[in-house]
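Before any questions on binding or motion, here is one chain by itself as structure tokens, the form predicted alone.
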Amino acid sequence: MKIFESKNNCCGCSACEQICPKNAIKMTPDNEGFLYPEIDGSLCVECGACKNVCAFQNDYEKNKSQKAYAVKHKDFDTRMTSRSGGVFIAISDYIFEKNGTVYGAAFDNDFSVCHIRTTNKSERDRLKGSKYVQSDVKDTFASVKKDLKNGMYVLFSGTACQVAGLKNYLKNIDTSKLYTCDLVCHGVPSPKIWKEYLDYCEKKYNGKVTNADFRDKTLGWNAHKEAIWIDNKKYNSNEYAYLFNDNYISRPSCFNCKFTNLDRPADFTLADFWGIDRIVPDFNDNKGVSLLLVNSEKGAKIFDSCKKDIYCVDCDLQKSAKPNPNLYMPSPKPEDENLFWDNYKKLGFEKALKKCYKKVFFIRLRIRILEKLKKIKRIFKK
């Protein structure tokens, strides 16, 4: 049995592994650190369940985005500890009021990223903040299925491909109490590279990583710098951010993602509300604003119940989506897409990082200089 022809056609959601009736599939990392299904031929009975469940190669359940909102949580601490406006906290609080469970991406003890099941607000708070690395969903699809069979309310958050994979996996299950939230995704970086970056930081600063934040909000919501704590001392950098933002360490399938549109698989879609100042003047205080797309009637009902905890403004959907390019196209491959991986395989992580960082730094510096020169010319023309 062959599930896909090319790595470009596998998003790593693991639905195939979890649906296999013979446990013949295991998600295994390749030499770049991305998980792919590996089939044990001695166990496989060629039933085709793995191919049929694949949302990336087959179709997926689509919800038309109905409404767009700018959202900020009323509780300032909640917003400051969230990546954008904290709307996910308000939605998940509603699920907990129903004695439900909430699933999402969290740091493990070694700062790898995986999906976990949470049953209270304290556990749920581990899901706060962006995780710019592909999350291992482990056995959470099967766990969601069990919760639903037990009559529980469930909220599952993840990338659009993970949500679509879950919903295909649950096709024969009553999902009336399932609520899903997908993220506007730039692409998922390699877990192996994230681990090597942490090792690099430990070597650079001579200590152990004790905390990590992919975007340090204390520098402002607009800041794009990671923070790494070594023996509880914080260091800021944009080295990993450069690799991520310039798409050097993204999964191959991300460059032909089929979910970069307004036909979302989830009830809710979340993003940073870039461009908020043009659309809702005076709403942004640089502490974070969420762009929330409510994609289904089921999602709209929950959102109405959350409004007591949030400030929200109804926005034009198309205008709100425009500053978020991953709502209408995949992130582009870099022209020198193999620059990082070729150097990584030949020279190791540290040298590959420095070569990429140096190139991106000078490109961005040149852009900033040109922008300043244009401003000066405009001033003189006046």
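Predicted model only: the values in this text are computed from it and were never measured. In case it trips you up, residue 1 is the first one in the sequence shown, and so on.
There is another form of the same protein, the form predicted together with a small molecule; it is not shown, and what comes next is about it.
Colleague: Would you please decide whether Gln162 lies within 4.5 angstroms of the small molecule in the predicted bound form, comparing each non-hydrogen atom pair?
Modeller: Yes, contact at 4.5 Å.
Colleague: Given that the partner is absent here, does His115 sit within 4.5 Å of the small molecule in the predicted bound form, heavy atoms only?
Modeller: Close contact exists here: in the predicted bound form, His115 approaches the small molecule to within 4.5 Å, heavy atoms only.
Colleague: Is there a heavy atom of Phe96 no more than 4.5 Å from a heavy atom of the small molecule in the predicted bound form?
Modeller: Contact check for Phe96: no, nothing within 4.5 Å of the small molecule in the predicted bound form.
Colleague: State yes or no: in the predicted bound form, is some non-hydrogen atom of Glu239 no more than 4.5 angstroms from a non-hydrogen atom of the small molecule?
Modeller: Result no; Glu239 lies far from the small molecule in the predicted bound form.
Colleague: Quick one: in the predicted bound form, does every one of Leu178, Arg264 and Ile302 get a heavy atom within 4.5 Å of the small molecule?
Modeller: Zero of three within 4.5 Å in the predicted bound form.
Colleague: Within 4.5 Å, heavy atoms only, which of Cys312, Cys306, Cys185, Ala212 is in contact with the small molecule in the predicted bound form?
Modeller: Selected residue: Cys185.
Colleague: Quick check on this chain: which one of Gly100, Gly129, Pro252, Pro191 has a heavy atom within 4.5 Å of the small molecule in the predicted bound form?
Modeller: By the 4.5 Å heavy-atom cutoff, the listed residue in contact is Gly129.
Colleague: Partner absent here, but in the predicted bound form, which of 223-231, 100-108, 200-208, 143-151 has residues with a heavy atom within 4.5 Å of the small molecule?
Modeller: This holds for exactly one stretch, 100-108.
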